[in-house]
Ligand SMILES: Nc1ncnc2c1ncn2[C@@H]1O[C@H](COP(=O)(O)OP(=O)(O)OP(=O)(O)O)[C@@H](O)[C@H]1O
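This document opens with one chain alone, in structure tokens, the form predicted on its own.
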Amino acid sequence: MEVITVANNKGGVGKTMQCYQLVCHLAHKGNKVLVIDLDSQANLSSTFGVQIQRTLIPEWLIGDIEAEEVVVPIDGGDEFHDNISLIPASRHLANLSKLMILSEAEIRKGAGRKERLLKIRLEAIAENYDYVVIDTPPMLGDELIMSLVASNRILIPTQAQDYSIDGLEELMDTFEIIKETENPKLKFNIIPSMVNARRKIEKQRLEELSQSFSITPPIRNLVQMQESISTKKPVFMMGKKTKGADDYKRLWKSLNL
């Protein structure tokens, strides 16, 4: 089982979009995929047609309930949707840090450190899935730290703009700390997202980004991407000549997914 986290501590960079396309791509290839929505905004959950009043993720992480009680099927009529299971988010997830503080003694007995909770829970269900894809909130909180400890790979969507690129520094510092202390096999890929290559400033920022990091082929800022989310239809279902589908074909090839 491979665990992939999609993360950026800056919002509005296409993070949930990349999660949705990745999950659908993997499921369409015949893989069993577990999606974990750790963002209390629950945008990924709603894109998969699931809306709940209260998530049970905190209780699952702490060990009060089993995975079967928190995993739900998604809403979708295509065959590949049967390969997708979801652990949905809700606004209640915003209280995760407080709940962990209240359960600190119990966490220390079971996991030693709260950062390892998600890894332990996933190891218990590893035989059920080929991939786990995790969507994280746009902040460096407990959700992101636990995801990095549990993951094989982190995908970092970023815009080719000053504020987005500057925000990478803090995230990469966190990545290095986790790699040194908890997860030495953790890898990362930076995905230029929502790119308008016709703008000279974005083209220049892409060149600067490629000098500092190994970046993937970019995902363009196309109307088709928003249509994909609003219609709950991945780009590969929008026609062979769809520019967005071409972008993602290049991306998945570069990532060997």
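Please read all numbers here as calculations on a predicted model, not as lab measurements. The first residue of the shown sequence is 1; numbering continues from there.
Keep in mind that the form predicted in complex with the ligand is missing from the display, and what follows is about it.
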*Although the ligand is absent from this view, report whether residue 138 comes within 4.5 Å of it in the predicted bound form, heavy atoms only.*
yes
*Please run the contact check for residue 13 against the ligand in the predicted bound form: heavy atoms, 4.5 angstroms, yes or no?*
yes
*Given that the partner is absent here, does residue 222 sit within 4.5 Å of the ligand in the predicted bound form, heavy atoms only?*
yes
_4.5 angstroms heavy atom contact with the ligand in the predicted bound form for residue 56_ = no
_Considering non-hydrogen atoms and a 4.5 Å limit, which listed residue (210, 196, 189, 226) is close to the ligand in the predicted bound form?_
226
*Which residue, 46, 216, 41, 31, has a heavy atom that falls within 4.5 Å of the ligand in the predicted bound form?*
41
*Stretch from 23-31, 201-209, 60-68, 226-234 whose residues place a heavy atom within 4.5 Å of the ligand in the predicted bound form*: 226-234
